[in-house]
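Take a look at this one chain, the form predicted on its own, written out in structure tokens.
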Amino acid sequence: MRLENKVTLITGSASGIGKEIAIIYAREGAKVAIADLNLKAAQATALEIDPSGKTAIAVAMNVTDEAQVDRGIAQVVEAFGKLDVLVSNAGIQIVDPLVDFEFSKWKKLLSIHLDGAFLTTRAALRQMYKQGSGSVIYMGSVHSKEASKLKAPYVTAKHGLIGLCKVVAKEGAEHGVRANVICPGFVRTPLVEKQIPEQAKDLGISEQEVIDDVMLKDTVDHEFTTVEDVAEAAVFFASFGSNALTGQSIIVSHGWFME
């Protein structure tokens, strides 16, 4: 198994991409902490993965709350003795033309994506530096590389994660810590399902046209990226055996964006 005895924490993992990463990490031998704003949902996911509670636990975590993040990381270390992998996955999406975007919504989205990544990274690094090893994985997006209409704060935040990752890769190297970014295309999660009618309304087109002409237009096979695709990339980064792969990003998008 590729992640045997690795202790992992995935934020926003009660559902969607985060949940699939947790499931596959557990399948590969890892101990998993399901960190989520919704504790009941996190507990349900942890029980689904391991009803005994020995290798999967739930952690209440609002990633924008400094004290709660620090407590959550401490809880994982207390339960499992260490922390090998952090997957900073928690995020939201809000779509609107920039000219109409409410400042409060801009700040909310950036706080969850960027403040959350900073706070969880800082708490994780404090433990990883003690151990002399660790892997930090950020959930970026094709929007870490490319822009789309109606998504100003999301694009800004996802670009920002690339910069944060590179700093962590440089600072963490002497402590045996790597940092990388996964950049998925459109994955048909509840987050994306919510966007389809919103974009249809804002762009004045049908929901099917949003799918065909916006979300999947530039893919090579007109297919959505799957949660399994993204989870496999997360296993790849978590299990890589040396510091040769750090400060990098991998695009999982059916060819929507290539570099």
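Numbering starts at 1 and runs along the sequence shown. Every value quoted in this text rests on a predicted model; they were computed, and no experiment measured them.
What follows is about the form predicted together with a small molecule, which we do not show.
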Quick check on Gly204: any heavy atom within 4.5 Å of the small molecule in the predicted complex? no
Does any heavy atom of Asn62 come within 4.5 Å of a heavy atom of the small molecule in the predicted complex? yes
Under a 4.5 Å heavy atom criterion, is Gly16 part of the interface with the small molecule in the predicted complex? yes
With heavy atoms only and a cut-off of 4.5 Å, decide whether Ile92 touches the small molecule in the predicted complex. yes
Residue within 4.5 Å of the small molecule in the predicted complex by heavy atom, from Gly140, Gly134, Gly72, Pro153, is Gly140
Segment that reaches the small molecule in the predicted complex - one of 206-214, 35-43, 22-30, 50-58, heavy atoms within 4.5 Å: 35-43
